[in-house]
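One chain is shown next in structure tokens, namely the form predicted on its own.
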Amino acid sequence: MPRTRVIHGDCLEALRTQIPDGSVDLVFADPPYNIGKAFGAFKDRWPSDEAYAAWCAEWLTLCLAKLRDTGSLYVMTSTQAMPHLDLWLRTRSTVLSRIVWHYDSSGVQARRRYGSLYEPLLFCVKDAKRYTFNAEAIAVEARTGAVRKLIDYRKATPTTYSATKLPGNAWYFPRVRFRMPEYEEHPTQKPEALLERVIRASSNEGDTVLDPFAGTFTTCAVAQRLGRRSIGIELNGDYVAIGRRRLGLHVP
């Protein structure tokens, strides 16, 4: 298998026919959110919330089948739709963390309600006793020890608090903006820093990472940089071309 594989097509068809069951270590899924955004000619609007949830159940079932028994699944969607996915996944996997990715805003979010400044992310595993989680690879600064230099007097020998800690479930990463080095022409591009945390934590070098909604192939680009194998599935041909360029692959 090549280290980076690009599949141009519908995710349901590709998952059913091109990826063997039990062959993937990590899935990161960032599907259309059913909020009306345009992805080229495709507009992500389903007839009802129930229809959207049913579609998500189709590809989630396939993604879980592709995972090894020790594999992990990260899923994003809108705040409105996530409860449906959460309830569905908790009966078919173990939801270990419910994560909030929050970010700043450069404009008015809303005038008659509280605007949305976050997106939810579920971290699920197939086996709660056997899964990859590299805590040391995603450690962040702990202000108590690293900056404030506070002493923990509860210990027999008082010592400074640790300078690092594991991130909690509230993640701050700036959104990808126009003219940022990583920016591509895509309405919902996720920041490389977010993907780097996910991939470092839940996979090892040489593991296979799958993104069934690859967009501009940020997941694959970060996986490539971190020494992982990757598979990206994308329906839009223009985004596939962007992905091939980012990944240093031949553009037909």
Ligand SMILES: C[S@@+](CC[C@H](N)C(=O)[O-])C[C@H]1O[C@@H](n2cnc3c(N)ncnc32)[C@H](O)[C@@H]1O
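Since the model is a prediction, treat every value here as computed from it, not as a measurement. Numbering starts at 1 and follows the sequence shown.
Keep in mind that the form predicted in complex with the ligand is not shown, yet the notes after this line are about it.
Peer 1: When the ligand is placed as it is in the predicted bound form, which of 35-43, 222-230, 198-206, 61-69 ends up with heavy atoms within 4.5 Å of it?
Peer 2: Only one stretch qualifies here: 35-43.
Peer 1: Classify C11 as contacting or not contacting the ligand in the predicted bound form by the rule of any non-hydrogen atom within 4.5 angstroms, answering yes or no.
Peer 2: Yes, contact at 4.5 Å.
Peer 1: Spell out, yes or no, whether the shortest heavy atom distance between S23 and the ligand in the predicted bound form is within 4.5 Å.
Peer 2: No - in the predicted bound form, heavy atoms of S23 and the ligand never come within 4.5 Å of each other.
Peer 1: Do I19 and the ligand come within 4.5 Å of each other in the predicted bound form, heavy atoms counted?
Peer 2: No, I19 sits far enough from the ligand in the predicted bound form that none of its heavy atoms falls within 4.5 Å.
Peer 1: Residue-level question: is L210 within 4.5 Å of the ligand in the predicted bound form, judged on heavy atoms?
Peer 2: The answer is no: L210 has no heavy atom within 4.5 Å of the ligand.
Peer 1: Taking D30, W55 and H186 together, does each of them reach the ligand in the predicted bound form with some heavy atom inside 4.5 Å?
Peer 2: Every residue of the spot touches the ligand in the predicted bound form.
Peer 1: For the stretch 212-240, return the residues whose heavy atoms include at least one within 4.5 Å of the ligand in the predicted bound form, in the order they occur.
Peer 2: Sequence-ordered list: P212, F213, A214, G215, T216, F217, T218, I233, E234, L235, N236, Y239.
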